[in-house]
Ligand SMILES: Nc1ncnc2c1ncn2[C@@H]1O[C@H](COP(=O)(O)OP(=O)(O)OP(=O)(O)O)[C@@H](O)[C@H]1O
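Just one chain follows, in the form predicted alone, and it is written as structure tokens.
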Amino acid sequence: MEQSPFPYQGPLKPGEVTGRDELRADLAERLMQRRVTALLGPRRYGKTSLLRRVTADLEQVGPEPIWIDFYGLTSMADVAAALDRGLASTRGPLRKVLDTVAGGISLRLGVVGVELSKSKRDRPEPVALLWTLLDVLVKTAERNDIIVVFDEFSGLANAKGATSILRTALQHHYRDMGIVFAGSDPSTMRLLFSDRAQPFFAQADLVEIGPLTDLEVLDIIRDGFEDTGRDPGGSAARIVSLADGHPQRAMQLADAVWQQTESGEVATDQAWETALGEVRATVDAGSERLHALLPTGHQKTLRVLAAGGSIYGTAADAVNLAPGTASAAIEALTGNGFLQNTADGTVIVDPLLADWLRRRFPL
């Protein structure tokens, strides 16, 4: 069975990442110059995929990547286990160096999670273990040219004291390795690097990942269809319009149309309608649940923005949205990644959520 050229569930492989050429070059330069960087952007916006492409490109000329995923942390033990998994997941010569360094201090990589799952009497102390693992990372950087990607870095905020330990362990070694922090919770990421009370205050340059341009989305669609002997026809423009630069949603919509188009054929209007219906069927229930969990003021603000109205205009009046409530909602929704500020104003990040809102609550 032929594989779709539009994978949208999970990060892309490095060779599948296209677009954002300027940002990709900027990140590569920062990492090579040892400029500590924090990459901010909404969830499912392509941060991990982009960094995989950047680190894969750089690996061809020297530095080897180490990926540490801090998603879903709740304790110091989780932090230590995440760091261990990242170190243990490396391969080739770099893994041999890591094992040599770890062996020199009687540590075996890849078994920390097992050790921490033992009874309280038998398991190692998580904080001490975290310091040891960070020492392995630092000493490896002294021997090898490495890039460390701390993915979902905002998750570290859930483990009290973890950011202080990480900052203390790394601050004197920023020039020994390339470091990039990536996170999908914009408000937490900004807090971690911009609040004077935080250990990582002013410790990294903040770089935001924006939406793809319409041309980039169009190129992705056309290339994917053409490479598999198909023609997207008029659906390409429809996908570009609805996706509004959202990488994952663009791929999801393109995949749905591709599935409706036989090899050697042009996507028809019916193919687009069927594909759109199928995509909506997969996301509408989640949009409804998400909407139901939000405060009323947030719901009204999203409705107004989805309809293209002003939170201070007639659309706001139509839903009884007070200016003060709207302003507070904008700040909160931007902070948690529902909204994003662009050259065209404040927009809903997920275009399919906006699409659902327009259909569910027409103004």
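None of these values were measured; they are calculated from a predicted model. For every residue, the number given is its place in the sequence shown, counted from 1.
Omitted from view is the form predicted in complex with the named molecule, to which the following refers.
- Proximity to the named molecule in the predicted complex, taken as heavy atoms within 4.5 Å, picks out 248-256 from the listed stretches 138-146, 161-169, 232-240, 248-256.
- Contact check for 8, 11 and 45: all three have a heavy atom within 4.5 Å of the named molecule in the predicted complex.
- Residue contact with the named molecule in the predicted complex: residue 152 places a heavy atom within 4.5 Å of it.
- In the predicted complex, the named molecule sits within 4.5 Å of a heavy atom belonging to residue 49.
- Using a 4.5 angstroms threshold between heavy atoms, residue 17 counts as touching the named molecule in the predicted complex.
- By the criterion of a heavy atom within 4.5 Å, residue 220 is counted among the residues contacting the named molecule in the predicted complex.
- Annotation for 155-190: the only interface residue with the named molecule in the predicted complex is 184 [heavy atom within 4.5 Å].
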